[in-house]
Every structure is written in structure tokens, then in C-alpha cells.
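The chain that follows stands alone, in the form predicted alone, written as C-alpha cells.
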Amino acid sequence: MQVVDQGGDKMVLHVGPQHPGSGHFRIVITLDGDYIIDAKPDPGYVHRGAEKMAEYRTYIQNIPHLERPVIIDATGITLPYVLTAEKILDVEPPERAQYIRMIMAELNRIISHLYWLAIYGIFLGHSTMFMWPMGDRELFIDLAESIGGTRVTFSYVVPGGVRNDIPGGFKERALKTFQYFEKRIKEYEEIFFNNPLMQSRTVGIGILKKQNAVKLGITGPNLRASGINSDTRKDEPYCFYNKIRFDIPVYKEGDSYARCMVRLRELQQSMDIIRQVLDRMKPGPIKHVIRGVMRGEPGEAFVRTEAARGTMFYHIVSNGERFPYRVKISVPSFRNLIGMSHLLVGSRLADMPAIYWSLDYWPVEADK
């Protein structure tokens, strides 16, 4: 803490980068009393050079390290990379592989949202809301592990399809899990979302107006919480999202509570998507086998998808070699970071955790 004027009324507070509430990320906050008059995000502490590393690895070798910036949404960050690489490589995955990709993407969305909800609960002082989502999250990790073979980072989606088929009995196991978790969502609402203490900490706090959300380039649940009906799965369908019926949760209030509610409702929508996929999916090949070294024609390609935190964008440039010439990743956390200062300035210091975590900012994803 540092006094910045002689009267001692204003001071600078450094939140992070070792602070458990910021997650390897620093916010430099200037306070006038307990009001925030300036907030400067200071990212970069977990930068690992994912884009540069991608220039020295083959298209298939890039998949494991590209998962690392956001391990709790591993499919969310690798699926758009593979879709972009397939354009460069001129490969079309089989129908069954497309559906399985959707299952993994939605499982990862649920896993990511439950992780966020657990952290949000503990930072609002509700320890039960930390333990419940973390425990329920294990059920979805188990489902994803039964497909991908590992608990967190799967390296499952590959150019041409997926590594392996879903195991026997997966549908019955998944439906049983969904039936249980739908009851849990109602319990979440009763114990946490309808809790007057939680609502007093979030309703009307950190309001992001519709026009500001658009102007600042906010994406994902944070954008939809400000009244913008935008989701890449609907706007620019990929895989077979255009064949699936699902709703886009949208709230007009734009406050911290609305941002929480969007993610809560998305849990149900992801389960509904997986149910429809399991009903539609037919037996068949799960991979288009690529013989020899993967080399694309010289050119460039880009793809957008809807990851757990919003629009994930890849731009790959190829010069015909087995390594990409250039890989550019546009991640949702970095774009949502722009709204952090906008929301914190004018708020009270005690409201900072509720606002900060309502954005679901993931420092490693932003720094990549």
C-alpha cells in the first residue's frame, strides 16, 4: 500500500500477483477512502509464449501445449485450433467425430463453470458453495475422463476427428449424472443464488450497460448478461450446433448477479445439448486418417468458436511446411479484461471480489 497524496486521503493498493483472490495477476487500485477511483489491470505474470511455441511444432504436436493456458476448458481452447488447422490441411472429420467433439466441448463448459462457481462462492464467504460445485464437478470430470483418458487436459480433438470413440455405456452414465445434477442446480439456487446475502453483494453491483459491453468488446456470458443475444454456436455454427435446439441465456441487468445467472443457466443448456447429441449420433468412423506428414497448402485460415468464457478465435498462416508459419490466438479472457477497469472504478473496495470474479477472468488464458 502506498500513500499518493500528502493529505493521506488517497492510496494505492496492489492486489496480486501473489494474492489468492487475483490468481497470478495484479490490479493496481487507487482508493479515495474505500472508493476505487482508478484500477489498472497488470497482466503478463504467467505468459508462456504459446503462439511463438506453435511455430516450432507440428500441427499435431501443438495440441498438448495449447491446452495449458486454460486447462479447465481444454476442449474450448483446442477445438478452434483443430478446426482452423483442418482448413489449412483440407481435412473433413467424420460426422460421428463432430458430434463427439460437441460432447467434450459441453462437458468442458460445465467443468469450467462449476470451477468458477466454487471460487465465486468462497470469495463471497459461502464455503458450502465452494464444496458443492467442486464435488459435483468431479462427476463431469469422470465423464470426460472416460472419453479422453485423462482428468483435465485431454489432447482429445485432433485434425481429422478425435483420438478414440466414446466408451460403451457412456450414454446411460451421462443421463444418470444429468438427472442428479438437475436437482443440484435447484439446490444451488435455494442455498446461494436466492440467498439475500449473496444478492445484496451482487445485485446492482458492477453494472455493465449494453452499449458499453458492445463498445468494450466484451464476449461470452459477460456480454449476454448485459442484454446482448450473441453466441458463436448460434451466430457462426460449427460442428453440428445448427442441428441442435438450445437456448441462449440472456439477462438485461448487466450486474454481477446477472453474470452469475447466465452461467448457472448455461449448465442446463449444455446438458440439453449433450442429450440431443447422444440421441442423434450414429455409429461410424471417428477419424479421417491422414497419411504421412501433415502439410497444408500455403495460405491462411481462421475459425471462431464459443469457449466457456466467450469467443475463442484462431488465425493460422501456413507456408506449406509441417510447422505453422504463424498462430494467433484471441482469447475471451483478454477481451473481458478491458471491462474490468470500467466496472471497478466508482465501486467500493469491498465489492471488488464480487465484480472481479463475476467476470470469470482467467489470467493464464489471457497471458497465453
Partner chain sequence: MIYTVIKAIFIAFAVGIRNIFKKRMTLRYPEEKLEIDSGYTFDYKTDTGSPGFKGRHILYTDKCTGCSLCAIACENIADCIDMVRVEGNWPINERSIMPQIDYGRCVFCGFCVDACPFDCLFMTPEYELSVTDKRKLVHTPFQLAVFPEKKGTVKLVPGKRGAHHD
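Numbering follows the first chain given and starts at 1. Given the structure is predicted, the values throughout are model-derived calculations rather than measurements.
Heads up, the form predicted in complex with its partner chain isn't pictured, but that's what we're talking about next.
- Across the options 92 to 100, 269 to 277, 111 to 119, 131 to 139, residues that bring heavy atoms within 4.5 Å of its partner chain in the predicted bound form belong to 131 to 139.
- For the residues 176, 295, 243, 210, the 4.5 Å heavy atom test against its partner chain in the predicted bound form is passed only by 176.
- Proximity to its partner chain in the predicted bound form, taken as a non-hydrogen atom within 4.5 angstroms, holds for one residue of 68, 304, 342, 26, which is 68.
- Taking the partner from elsewhere, residue 252 is found to have every heavy atom lying beyond 4.5 Å of its partner chain in the predicted bound form.
- In the predicted bound form, at least one heavy atom of residue 287 sits within 4.5 Å of its partner chain.
- By the criterion of a heavy atom within 4.5 Å, residue 247 is excluded from the residues contacting its partner chain in the predicted bound form.
- Shown alone here, residue 319 lies farther than 4.5 Å from its partner chain in the predicted bound form, counting heavy atoms only.
- Residues of 23 to 61 that come within 4.5 Å of its partner chain in the predicted bound form, judged by any heavy atom, are 56, 57, 60, 61 in sequence order.
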